[in-house]
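Let's start with one chain on its own, the form predicted alone, as structure tokens.
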Amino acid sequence: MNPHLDSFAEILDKAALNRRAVPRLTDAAALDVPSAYEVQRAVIERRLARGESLIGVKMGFTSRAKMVQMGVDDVIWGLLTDAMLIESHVDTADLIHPRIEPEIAFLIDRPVRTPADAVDAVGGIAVGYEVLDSRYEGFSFTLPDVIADNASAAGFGLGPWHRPRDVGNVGMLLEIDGRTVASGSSAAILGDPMRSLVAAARLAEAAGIELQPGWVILAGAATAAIPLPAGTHVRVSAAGLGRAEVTTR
């Protein structure tokens, strides 16, 4: 790997481990999208070397408004490891400036080698949440910056799995301590979260990664991300899919 790009990966990895924000990479040097994905993979390789395992993919920029804001016309992705899976609690002191957003999640039950395989490979659907934590100062980044930073992935949690069904327009709520802080529809995710799943398969194929049975695909957010304070209880619910909950410390 290009030593310059590897040094960027080292910066981002240490930022996460030390819970200390760093300046944007693009403030110091030019970084294009393909190189940013190389940095992302190098960051993930460091996590795998510490004993973590890949268990899925998260999608980003799945709303038209976010694409326009970032000046892009396609989604981005990041990789999920088992260390990112949240069971019931998350310690916000382990994060720099955490945020949370409601998600639709897909469970893969057979290998996905091409986008054409994606829809039939779904074994389950669940409501979930993603905890975001950009490693950059002020939660400010360009497109290459956020890609290099694994699309701001920090953690995720899931509600109960359900048999595959239409989730093209499912109402979703995000509540903190019983108060609704965000609401939306799964239709905000590329018009239908299933399109995001197919896009994940497309990006995986281009990257030479095969989506594996047991992997989770986070399709994208139904609302804007909300700051995640310590000492609260968060509940994400989706019509017909139940809820996912997490308590912060």
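Here the structure is a predicted model, which means the values were calculated and not measured. Counting begins at 1, following the sequence as shown.
The discussion below concerns the form predicted together with 2-oxoadipic acid, not included here.
- The stretch that touches 2-oxoadipic acid in the model of the complex, counting heavy atoms within 4.5 Å, is 216-224, out of 32-40, 216-224, 177-185, 195-203.
- 2-oxoadipic acid in the model of the complex is approached by residue 139, whose closest heavy atom lies within 4.5 angstroms of it.
- Contact between residue 92 and 2-oxoadipic acid in the model of the complex is not found at the 4.5 Å heavy atom cutoff.
- Of the heavy atoms in residue 105, none are within 4.5 Å of 2-oxoadipic acid in the model of the complex.
- At least one heavy atom of residue 152 is located within 4.5 Å of 2-oxoadipic acid in the model of the complex.
- The candidate spot formed by 129, 235 and 238 lies out of contact with 2-oxoadipic acid in the model of the complex, as no residue has a heavy atom within 4.5 Å of it.
- Residues 58, 59 are the ones in 25-59 with at least one heavy atom within 4.5 Å of 2-oxoadipic acid in the model of the complex, listed in sequence order.
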